Each structure stands twice: as C-alpha cells, then as structure tokens.
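Below sits a lone chain in structure tokens, taken as the form predicted on its own.
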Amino acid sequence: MVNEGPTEKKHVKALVIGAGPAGLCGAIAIAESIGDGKQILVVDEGIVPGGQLPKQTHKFFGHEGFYASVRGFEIGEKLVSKATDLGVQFSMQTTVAGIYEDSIVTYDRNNNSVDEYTADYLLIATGASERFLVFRNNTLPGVYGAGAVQTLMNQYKVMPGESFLIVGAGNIGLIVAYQLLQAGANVKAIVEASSKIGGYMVHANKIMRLGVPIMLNHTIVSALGEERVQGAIVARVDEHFKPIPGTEKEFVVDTICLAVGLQPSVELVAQTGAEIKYISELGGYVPIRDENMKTTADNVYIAGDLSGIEEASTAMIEGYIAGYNIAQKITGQDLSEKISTMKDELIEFRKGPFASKVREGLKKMNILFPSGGYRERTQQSTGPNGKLRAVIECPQAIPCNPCETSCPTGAINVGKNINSIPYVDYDKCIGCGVCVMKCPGLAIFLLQEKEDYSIVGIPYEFLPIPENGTIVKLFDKDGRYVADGQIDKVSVNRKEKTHLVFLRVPKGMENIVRHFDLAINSEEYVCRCEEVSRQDVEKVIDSGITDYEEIRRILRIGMGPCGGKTCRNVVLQIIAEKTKIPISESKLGAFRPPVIPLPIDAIVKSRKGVDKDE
C-alpha cells in the first residue's frame, strides 16, 4: 500500500470566509485594487453566494449607492456578478473546518475532499447565527428559526406550514411575517417579550394593516402537539420577562417561527488568536478590532454581523473598508481616499437612533461615532385638499432616502443626514407615485379628495393584481374593516413588483384607509342551497329592490332544502347594511309550507292511496 504524502497547500493573497454582503464587498474591493481577482478566494457553506441575500425578497433601506430600494436577492446577484467579473474565485458548499498556525483547512462537500490553504490576509465575514429560545416542547417538528423559514420559502419554494405564530418583533420577525403573508400563509400573531417593537415601525405598520396583531409584553411558554406542532400557548410577561400565571392564551397554529435575535459567529476568528470580548450592545461575543476592521491577530480582518449585529448596508461598507485596507497592504498603494469615503458612509448611517446600541458597543473598543443632526418630527400637513399628492407615513428616523432621490420634481426632502424623516413640498409634488413604488417600507400613499368620494393610492405587493372596478373591503392602519370601496385603477410596475392601486373610498376616509382585501370578490355564499353569493344579493339591492320577498323571487333565496333557515337572517342583515334601515323595521317575509322538501313519490302515493310498503 502506497503511503501518499501530505496534501499540497494552496496559496492565495486573500482568503475571504463568508460570501454574504460583507464578504462579497470585501472581495470586490481587494480584486479591483490589486487587479488580479484570481488571487482572492471566497469560501462559503451555501449553495450559491450571497449569504442571506438570496432569501431576502424585500427592498433594502439606505441610499442608492448601497442598493436602496433593490430587493435583497437582486443585490446578491449584482454583487456576485461584479465579483465574478473581477475574477474572484468561489468555493461554495465548502466549510472552513479549522484555522491552524500553518494552514487553513477546508472541507468541500461537493467533492467530499479536504484542502489546505495559506493566505497572506484573512477577511472573516462569517455573519451570525440565530438565537434559540427555551420553552416547553420546543423540539417538536414545526418549530423553526426565521432563517430556516426564509430559506425553505424563498429559496426552495417550500412552505413549512399554513398557520404561523411569530416570536419576536425585530426587523427579522416583521419581515418574515410579511413574506409569509405574501406567500399566502396565515400569520395568527407576532409576540414580543419587550414593551416596544424592536424593528422599524414601517415594517410593523405593513403587518398591522394586514390585520396581524403584535402582542407586546408576551412570550411563548409552550408548543402544543404530539408528533408535530398543533398549537402554541403564549402568556404576558412581568418586568423580569417571566410569564404571568393566568394570562395564557392559546393559538391554533402548525408552525412556530423564532425570530429572537442573532449572535455573531466568532468560532473561526477565535482560532486565529484574535481577542474576543462580550459586548451585549453588539450581539454578544465579538472580536476586538480597530476602525479599519483589523483584529488583534496579524493580517486578520473582519466585517459584517461578525463584528456586531447591524444592517446589510453597514455590512457592505465594513466589507469595503476591510477590503481596501487589505489591498493597500498587498499592493503598497495609497487607498486612504477610498477608505475615508467608506468611513464617512458609516458615520452617516450610524448617526440615527437605531444605531445607538452599536455606537455604545463600539465605544467599548474606543471606536467613537457621532450621533444626531437628523429630523425626527413628522410632517403634520397632508397637503392641499383636492390635489393628488404623496403623504409620507414614516414615523421614525431611519437611514433611508430613495423617496428623495427618486422624486422627479425634487418635492421630497430628507436632507444631508440620511436618517432624517422626509418632508414633502406640496407646491412641487405632482402625484406621480414614483416615491410610492420606490419606498422600501411601503410607507408612502397618494391622496386626493373628489366631489363624491376620495382616492387613496396604496403600494401593493400581493397576487393577484386586482382589476379596475373590483369591489373591495377597506381596512385602516390597524387592519380593521372600515367600509367597502372600489378599485379605480392600477399602475403595474413589473420591474420592481411594487404596484400602485388606486382605491375609491368614502369621502372623509382618505386619511384612514391604508389597505384593502379582495376577499369580497370570492364566492361568499349567502344561500348555499341555491348557490347565491353576497355579491348577487348586493347587486339586486343596488338595482333598487330592497324587499326580501322580491329578492327571493329573483334569486330563489330560501327555496332550497333548508327552507331559508340559513340564509333568511343573513339577507335581512345585508338589506339593513345597504339601506341603513334597522333590521327590526324590515319585513320578515312569508313562511310558506312545506318547511322541508317532500319527495314527489311520497305525495303521489298518498294521493292514490298506495300502500306505503309496496
């Protein structure tokens, strides 16, 4: 038997661990600076590069320089294409098994092989892992992390269930809930142990106007079921986040989705000898690093969620900072201008209130970021009556400005600080709706008062796309039914998939209506015996016929086997709703015999005197 020698080590100038937004941007920065992408290898466990991006179907916040208003999976495609064009090499479905003093060992699942690498520089961008939650029966099939739900649903087109309870109201929980609703799932509720919603309010508002309750100060205490999840018990918590006995509520669901936070994946960077420290504001244990993203280990840099849990935009910026610093050392070039530009971007992104925890965490590494200088007050005016105009309902200072940059007339102002709440100059606004379709938070609407009704333009990301003239149910900001309305017209945006649906709503409700439901057009049967729908009844009433007996003659309501036991009161209620006449003042209609259907042969036999037994 031949004893083969050790595997030959492969060498690269830069090895990037992690093909998410941070790793991709780092690889791009190095490749474009050194001019030889083949000297950069990106290793990742995923099937395709992009990290979390391929499973993100929502539009990102930020500004256009970092793909604001572009959907996550499209950002991933753009970054991968850019890296590939620069010659960057990828080793997918490959795990870095260990970092040793003299080599980096990888395991290639495709080829079932182990390789050894050496590298002049390491950029570790391994991201974060999901936190777990302890509760009774948490091992039942049907309990998923939010990332698993997104992977199944958005990458593999597999729905893990039909009815969901979401645990956690941070951005991840809110985004997954919205994506589940888009896919046709029933999201029963979102429970959050804290006293406030942790994610952006624009994300929460999207959920609430779809009728999903967000239960603050609540947590899950038990999953129900024998072989898989069949329900969940939640309870209110006290100031110590302990369930309060007697406050339990039960939900009938088949899937529990945990979105209770992330923790940096520090295992590999710890193997380099870099110093690790627990900083709660950054998500837990994180590597100590400087403002150039360099760790305390020689030639080892980090970026993205590994350095502290934050947004994808800042992960990309950190990737560029790390990448340009590595490239500067490899080539000896002066890349300080590019590095400074990216650092300025980070300063701008981190000035807002949502970055306060990150600023506090970085302060513990002696990395200081300024705050403030942004507008927090929302605009009070909704514009001039009668003019088609944009109304922005963005209640928080978050780093985002596509509404400003997309407006063709310059009517929307965010200002120098990207965290400022946008204002509308109604003298310049022409009601074109571009901002409505660009807004990542779906927080912009169009309003116009007409003589007999009002128009509300709603951003819409569901299927099917409604048709003009369709009668719909109208809902307010909290998902409560408020009136019936009608589709006036639809502006279809097939490129960005955010359509603009114009609704005719009762006058005076233009500041109330924020969602609609097409369910009114489905077969809502009033009389199941004769298959008469609610819409059939309403059409007859709208034609001027409001008497129950007349409606019965036209539609055959109550002439089936039940004799009207099921449908009579329902029809009378519809008459009362449509005519505004109390049901107590409506004519009940005649009760004619027979009260049950009689077989014809039974009647014939009785008339002829035929023996019943014959």
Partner chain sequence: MGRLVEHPILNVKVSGAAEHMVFYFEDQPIFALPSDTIASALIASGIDIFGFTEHEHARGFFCAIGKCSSCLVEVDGVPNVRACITPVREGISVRRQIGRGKPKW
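Residue numbers count along the first chain shown, from 1. These figures come from a predicted structure and were not determined experimentally.
We do not show the form predicted together with its partner chain, though everything after this point is about it.
Student: Which one of these stretches, 457-465, 473-481, 409-417, 387-395, sits within 4.5 Å of its partner chain in the model of the complex when only heavy atoms are counted?
Tutor: Looking at the other structure, the answer is 457-465.
Student: Taking T118, Y285 and I330 together, does each of them reach its partner chain in the model of the complex with some heavy atom inside 4.5 Å?
Tutor: Heavy-atom distance to its partner chain in the model of the complex: none of the three under 4.5 Å.
Student: Looking at T546, T57, Q39, S33, which has any heavy atom no more than 4.5 Å from its partner chain in the model of the complex?
Tutor: Going through each option in turn, the one that passes is T57.
Student: Consider the chain as shown here, without its partner, and state which of L210, M215, M153, V540 has a heavy atom within 4.5 Å of its partner chain in the model of the complex.
Tutor: It is M153 that has a heavy atom within 4.5 Å of the partner.
Student: Closest heavy atom of F132 to its partner chain in the model of the complex, within 4.5 Å or not?
Tutor: The answer is yes: F132 has a heavy atom within 4.5 Å of its partner chain.
Student: Answer with yes or no whether H240 is in contact with its partner chain in the model of the complex, where contact means some heavy atom within 4.5 Å.
Tutor: Result no; H240 lies far from its partner chain in the model of the complex.
Student: I'd like to know if K507 sits close to its partner chain in the model of the complex, meaning any non-hydrogen atom pair within 4.5 angstroms.
Tutor: K507 lies outside the contact set for its partner chain.
Student: Check whether N186 has any heavy atom within 4.5 Å of a heavy atom of its partner chain in the model of the complex, and answer yes or no.
Tutor: No - in the model of the complex, heavy atoms of N186 and its partner chain never come within 4.5 Å of each other.
Student: From first to last in sequence, which residues of 217-243 have any non-hydrogen atom within 4.5 angstroms of its partner chain in the model of the complex?
Tutor: Those in contact are E227, R228.
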